[in-house]
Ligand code: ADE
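Before any questions on binding or motion, here is one chain by itself as structure tokens, the form predicted alone.
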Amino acid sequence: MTLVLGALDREVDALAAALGDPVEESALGRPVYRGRIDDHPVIVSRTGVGKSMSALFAQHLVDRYAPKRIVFTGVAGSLNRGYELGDVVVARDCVQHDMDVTAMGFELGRIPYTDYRFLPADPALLEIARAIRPPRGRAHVGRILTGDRFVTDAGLRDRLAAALDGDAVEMEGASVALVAAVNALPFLLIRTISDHSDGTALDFERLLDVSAANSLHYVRELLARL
């Protein structure tokens, strides 16, 4: 069974609507949808926004449903100047950009006293995702940065990109990747670029719909090739 998550309802509504034989359940006050996509068992739900909410909810669903893999999807802001609105970026790895204990000698993004810093995608899932082309926009493989801040400042955007060699930034991916790593579950993070992380060209509502279409396409193709 594949657990497919997004932060917002709009990021997972298309996936939930595509389920065959759907069953709606509830977990921690949120709807959880069980069903099948093209005969593959899937659980779809939203985690809520931010690192704490997404990690908490993801772990709860792992404990409750024991999925074989986790896919997280939705929108992200670009750090890479070559990315355009509507493009898809599949994370080769992800990191918490606001995990900053550098004052004590730890590398930026390192969780102190652990090996967790850059959290890699599952190699098999990443290999499949590399071959998928989105219904619109271009496809990229890059590093996604996660933190509890919606980045709208060009200066911060450029500092993040330089400090961690990041290509996109969002608010949940690395926290759910950490849940997957701790539970030894394959993980894949797929994001659609919704803005340039500088406060301009922000058409968030429209890009949520583009992201939803991209997410459904990628999940459907991914499941078909497993």
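The numbering used is simple: start at 1 and walk along the sequence shown. Here the structure is a predicted model, which means the values were calculated and not measured.
This next part talks about the form predicted in complex with this ligand, which is not shown.
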Any chance all of T2, V42 and P67 sit within 4.5 Å of this ligand in the predicted bound form, going by non-hydrogen atoms?
no
Within 4.5 Å, heavy atoms only, which of V151, V90, L125, M99 is in contact with this ligand in the predicted bound form?
V151
How about A121: is it within 4.5 Å of this ligand in the predicted bound form, going by heavy atoms?
no
Contact test in the predicted bound form: M171 vs this ligand, heavy atoms, 4.5 Å:
yes
Is D195 a contact residue for this ligand in the predicted bound form, using a 4.5 Å heavy atom cut-off?
yes
If you check in the predicted bound form, is A129 within 4.5 Å of this ligand, heavy atoms only?
no
Using a 4.5 Å heavy atom cut-off, which of 68-76, 132-140, 82-90, 101-109 contacts this ligand in the predicted bound form?
68-76
Looking in the predicted bound form, the residues of 9-39 with a heavy atom no more than 4.5 Å from this ligand, listed in order, are none
